[in-house]
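One chain is shown next in structure tokens, namely the form predicted alone.
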Amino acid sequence: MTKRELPALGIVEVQDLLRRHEVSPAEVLESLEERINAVDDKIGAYLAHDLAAALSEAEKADVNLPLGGIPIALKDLINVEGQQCTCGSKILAGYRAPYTATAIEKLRAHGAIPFGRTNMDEFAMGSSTENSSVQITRNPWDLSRVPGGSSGGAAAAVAADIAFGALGTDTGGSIRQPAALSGVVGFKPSYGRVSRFGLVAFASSLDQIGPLTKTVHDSALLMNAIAGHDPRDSTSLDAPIENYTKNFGRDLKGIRIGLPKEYIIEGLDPAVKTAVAASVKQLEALGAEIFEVSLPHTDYAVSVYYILATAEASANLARFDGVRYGHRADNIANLFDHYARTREEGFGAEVKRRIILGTYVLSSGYYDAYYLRAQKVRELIRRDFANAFEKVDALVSPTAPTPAFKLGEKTADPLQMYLADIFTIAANLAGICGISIPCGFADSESGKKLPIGLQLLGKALDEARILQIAHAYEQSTDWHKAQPPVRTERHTAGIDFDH
């Protein structure tokens, strides 16, 4: 194993090399930096990375800790003291975090080294990472296509071997959907399982931090680190934490998996439908029992989400006014002019759209008709899942209705963009856990392979079971071993894409 080959490995493999002292934490970082410099100008996954600061942490790394010496990339809305945290927005230009998020403190306590800030849709509002104010991120499988969003930078970095693992956030599918489109593993914990302290909020009742990795085992290791109660987060659950790898290696005999009939819909890409059907048969072959179940209020999920999420965004983003930090308009006439012009210049089109919509549904005369009614329907959606989990242990579905779409294909039609998350949104409304794992490929018209993701959903705080099922499926297939069209001759001086 040469240093140049290290970035192709997952967390478990690098961990083994570090513990056997075959490589040092500094060598791991230097190999990753070399790979980033060779590849990322074509992908645009990173907004910033500071090798010197990471090497300083590497000098003190204890490789005997669970994640000792492993670099982990961070979506650019998780605060790390002294680092930029732009949320992909002009309005936070120049802002540096004055404190560190709990999830990062926990990573460091397990020996990991935060390394690199990944691109994202502005304030996590988007499904393609085209809404970033800084740059567009491209899908490593096909540079003409999106990596998904809003954690598209993190997903693309893991897929392109320029991150061993990353933390993203999932408000309506923003970990799982880009994982599916980029061909990696994306895990959304139950609401309250991972502290949100230090996360810049989009929608406080929906946001959750979670891992994007190359394998299910890697995701479980990151979950072992970041899960747990935090008194600084009032929504954090004080519930026992399991070892999320404890059930690995077990078969699926006796596990009951439900296939929601509402998730096999018109408009589902034929290749996605075929891949998911084959995956269901594979789960059955592993011993699982498959049942058809119903989630009758599924049709309302997207509408409910875009009322509640925008309402919370309207309130959360009111703090970004240019008074204390971030962008500030020049030559202002008065206080009102300052607020209006600063926010007009600082926020992008999609963020403005959602703030306006959220302000509308919260306004006098419309609160009961929209926001209150949406909260009631949210409860019906939560009950749908609760009823389903009385009959089954997990649910299976596509993660996204289509493979990765082309850059610019949906930017002019917000509704079509919103529907990219049609299978992921309901899990956030219900507060349950879910994972996306690679399950096949679709052929594009150009002949390139486009990844397809399989989604597994579990009841709240049942992360260990979902990871067990996902790991059993993953180990029985080879989909997670496939590599995007990046040259594998890692010993050569340059690394480029085949076109």
Partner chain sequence: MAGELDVGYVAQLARLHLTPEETELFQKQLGDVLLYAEKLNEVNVEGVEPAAHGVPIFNVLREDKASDWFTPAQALSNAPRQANNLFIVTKVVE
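Treat the numbers as computed from the prediction; the structure is a model and nothing was measured. Residue numbers count along the first chain shown, from 1.
This protein has a second form, the form predicted in complex with the partner chain, left out of what is shown; the following refers to that one.
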Close approach of Gly94 to the partner chain in the model of the complex, 4.5 Å, heavy atom = yes
Pro414: touches the partner chain in the model of the complex, heavy atom cutoff 4.5 angstroms = yes
The partner chain contact in the model of the complex: Gly322, any heavy atom under 4.5 Å | yes
Interface membership of Ser234, the partner chain in the model of the complex, 4.5 Å heavy atom rule | yes
Check Ile136, Tyr263 and Leu268: does every one of them have a heavy atom within 4.5 Å of the partner chain in the model of the complex?
-> no
Among 69-77, 145-153, 126-134, 197-205, mark the stretch whose residues have heavy atoms within 4.5 Å of the partner chain in the model of the complex.
-> 197-205
If you check Arg256, Arg341, Lys90, Lys406 against the partner chain in the model of the complex, which one has a heavy atom within 4.5 Å?
-> Arg341
Just give me the single entry in Arg250, Lys273, Arg373, Lys246 that has a non-hydrogen atom within 4.5 angstroms of the partner chain in the model of the complex.
-> Arg373
Can you name the residues of 328-354 that have a heavy atom within 4.5 Å of the partner chain in the model of the complex?
-> Arg328, Ile332, Asn334, Leu335, Phe336, His338, Tyr339, Ala340, Arg341, Arg343, Glu344, Phe347, Ala349, Lys352, Arg353
